[in-house]
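The chain below stands alone, shown as structure tokens; this is the form predicted alone.
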């Protein structure tokens, strides 16, 4: 695990690239709320504040879902002042599992178009 920010500031643990496992990434992406978070961050094409993702769950449940995504290597979380910013670990995921993230995002988009954003 590596800290997300320089020493002396608040940091969160993230798995090193070599410690990210496919089964854990798939587990993180399998939950509809977490998939929605990943899609929102991908659409932002950069960093996104936790509060900027509208989710139909409590704040503590949101925190849980973001933590699962971080601990499984899907996102990187960085404190910027009091805001916790989130970014996809696209380079790491693409290097480890080429095409996975793009395919999941494409499939999620097709599902929303087919079923609506229920």
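Residue numbers count along the first chain shown, from 1. In this text, all values refer to a predicted model and were calculated from it rather than measured experimentally.
One more form of this protein, predicted together with another copy of the chain, exists but is not displayed; see below.
Not displayed here, another copy of the chain is kept clear of residue 83 by more than 4.5 Å at the level of heavy atoms in the predicted bound form. Proximity of residue 21 to another copy of the chain in the predicted bound form: non-hydrogen atoms within 4.5 Å are present. Put simply, residue 68 is far from another copy of the chain in the predicted bound form: not one heavy atom of it is within 4.5 Å. Although the partner is absent here, residue 90 lies well away from another copy of the chain in the predicted bound form, with no heavy atom inside 4.5 Å. Contact annotation: of the candidates 78, 29, 50, 41, the single residue with a non-hydrogen atom within 4.5 angstroms of another copy of the chain in the predicted bound form is 29. Each of 96, 100 and 111 comes within 4.5 Å of another copy of the chain in the predicted bound form, counting any heavy atom.
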